[in-house]
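Just the one chain here, the form predicted on its own, laid out as structure tokens.
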């Protein structure tokens, strides 16, 4: 068998929370991914696709079936300013690559954790930029079909939306394999400066001193607020990439900064982060998620929606 048994997935999560996976496999090539899917299907195992583990809340009960970690990490220069990037490439490594070659277009991602595949799946974004902005096409493996098949989608076919794509809508039905990006030429020192500015911003404002999985909730589109609440939040609206109200502000105004449950805490530094400050469990985190949802709905009459995923 290809797979390891009873691997503690807490070591694969930025949260350091989790339990044993029945089966675990690190796929370092597209061929590895295909072989793992074939073996899992033959053994009638469910498949959980793991990217960088930067936005996953695992349960201490573990994960049934196979946890398939995508780790194909090649970057290939194509014609002009196009590059082909494996889904398992870490975002920080991709940024290092584009700086060295004077390729601009992803500076907004400075300090963004995780892998390229995970970022594409959730259409990650910050500072007004999103993964979709530079994408040309994405290859994926459709594992929901009777026979797994590789698909190629142009950007227009990927159904990108705010922190969403066709790959996330299909849950574990497709695995992002690689993608082509169209970049622009720019002086490397200017690219590096912009990236470092974003990293500094994150270091100053995010609670990176504790295990965390980034923003727990999506920001709220301003247009979805009821009229009676819009006046209360109009001064805080920002464009990212359309008018939104930062969820961190809503949680703060609901009086939840620094509130804890067990070993988890709503960060006083950035209230849209729930940090693992003292051996938190998944239930500790979930209790604070429920509390934030209830308090924000009570005060502003809007629903918070998770940006993280559960496993």
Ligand SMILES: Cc1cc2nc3c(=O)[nH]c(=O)nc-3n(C[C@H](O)[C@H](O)[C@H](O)COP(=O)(O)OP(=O)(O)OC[C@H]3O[C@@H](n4cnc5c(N)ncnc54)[C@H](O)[C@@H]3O)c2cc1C
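Because the structure is a prediction, the values reported are computed rather than measured. Residue numbers count along the first chain shown, from 1.
From this point on, the text means the form predicted in complex with the named molecule, which you will not see here.
Engineer: Classify residue 98 as contacting or not contacting the named molecule in the predicted bound form by the rule of any non-hydrogen atom within 4.5 angstroms, answering yes or no.
Structural biologist: Heavy-atom contact with the named molecule at 4.5 Å: absent for residue 98.
Engineer: In the predicted bound form, does residue 36 come within 4.5 Å of the named molecule, counting heavy atoms only?
Structural biologist: No - in the predicted bound form, heavy atoms of residue 36 and the named molecule never come within 4.5 Å of each other.
Engineer: Closest heavy atom of residue 134 to the named molecule in the predicted bound form, within 4.5 Å or not?
Structural biologist: Flag for residue 134 set to no.
Engineer: Quick check on residue 214: any heavy atom within 4.5 Å of the named molecule in the predicted bound form?
Structural biologist: Flag for residue 214 set to yes.
Engineer: Heavy atoms, 4.5 Å, the named molecule in the predicted bound form: which of 276 to 284, 262 to 270, 249 to 257, 46 to 54 makes the cut? Say which one.
Structural biologist: Looking at the partner contacts, the answer comes out as 46 to 54.
Engineer: Name the residue from 150, 126, 81, 236 that puts a heavy atom within 4.5 Å of the named molecule in the predicted bound form.
Structural biologist: It is 126 that has a heavy atom within 4.5 Å of the partner.
Engineer: Taking only heavy atoms into account, state which residues of 106 to 145 are within 4.5 Å of the named molecule in the predicted bound form, ordered by sequence.
Structural biologist: The stretch 106 to 145, when checked against the named molecule in the predicted bound form, contributes 112, 113, 114, 115, 117, 118, 119, 121, 124, 125, 126 at the 4.5 Å heavy-atom cut-off.
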